[in-house]
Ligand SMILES: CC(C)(COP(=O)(O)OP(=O)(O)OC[C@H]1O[C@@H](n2cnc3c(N)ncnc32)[C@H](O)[C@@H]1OP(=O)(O)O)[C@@H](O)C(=O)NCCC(=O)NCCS
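There is one chain below, alone, in structure tokens, taken in the form predicted alone.
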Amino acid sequence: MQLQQTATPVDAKQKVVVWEAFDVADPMVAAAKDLYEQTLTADERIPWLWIEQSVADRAKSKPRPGGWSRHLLLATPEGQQDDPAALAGYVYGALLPGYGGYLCYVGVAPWARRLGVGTRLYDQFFKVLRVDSGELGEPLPFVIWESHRPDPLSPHSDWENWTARTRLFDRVGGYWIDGVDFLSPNFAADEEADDAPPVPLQLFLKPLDTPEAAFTPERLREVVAGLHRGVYRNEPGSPMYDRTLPPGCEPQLRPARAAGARTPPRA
């Protein structure tokens, strides 16, 4: 099924509804798959089957003790929750016990941009993780997410989209972890292609139960290291880990909009 991105005119004042998906067979989940593949390049996407499995697991039972609490949230204009063409956006992520929140992917349909859909998705995701952490009796120190900054030679339109994205991150209370190029696996590569170049990502963090001032360079290095270990199973000594956190790395929190500046071409 191909999602018709321009089929649903929306009043800017119309309420946006966000809810969690629990049925893999729901046509709205199929619409989310289409939007996921349209808004992310192949090298950034995990197999959609993994996300569907998370939805199926949520429908069966609560996560096992110590396991991730994964969620796929969907958004449409109010009253259109059963119309796949009205899917305005999605967000997918998880609570990682003992670490914090991890927002894996978010996407907004082109026709629904500038309508507050992204803000609603982020805010609702933060609330869902608050519930998860409360059920575990743990604090929620932060939520972290990744985003792919365009290459310096990318088209102007790509940089306009990136700038708009970093402004959204500002609005939802996110900060840029400056000083780190987080290297993640290239999911478009063949599993046997060991020489596939990793994908460089920028990291953004929203402080929650831990105040902003507590995120010193040392604490941020721990956060970045925890992401490599907990999500990507990379340990010190692995190329992606070591290149992400080289000796002398001094990350710091800066306003998310600061990441929107276009970087000069590489020499």
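Residue positions are given as counts along the sequence shown, with the first one as 1. Predicted model, so just to flag it, every value in this text is computed and none were measured.
Absent from the display: the form predicted in complex with this ligand. The rest refers to it.
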Contact with this ligand in the predicted complex, heavy atom within 4.5 Å, among L183, L73, L129, V117 goes to V117
Check whether F169 has any heavy atom within 4.5 Å of a heavy atom of this ligand in the predicted complex, and answer yes or no.
yes
**Study point:** V108, heavy atom within 4.5 angstroms of this ligand in the predicted complex
**Key:** yes
**Study point:** Non-hydrogen atom contact A164 with this ligand in the predicted complex at 4.5 angstroms
**Key:** yes
If we define contact as a non-hydrogen atom of the residue within 4.5 angstroms of the partner, is V199 a contact of this ligand in the predicted complex?
no
Here the chain appears without its partner; judged in the predicted complex, the stretch of 100 to 108, 173 to 181, 76 to 84, 132 to 140 with heavy atoms within 4.5 Å of this ligand is 100 to 108
Applying a 4.5 angstroms cut-off on non-hydrogen atoms, the residues of 14 to 46 near this ligand in the predicted complex are T39, L40
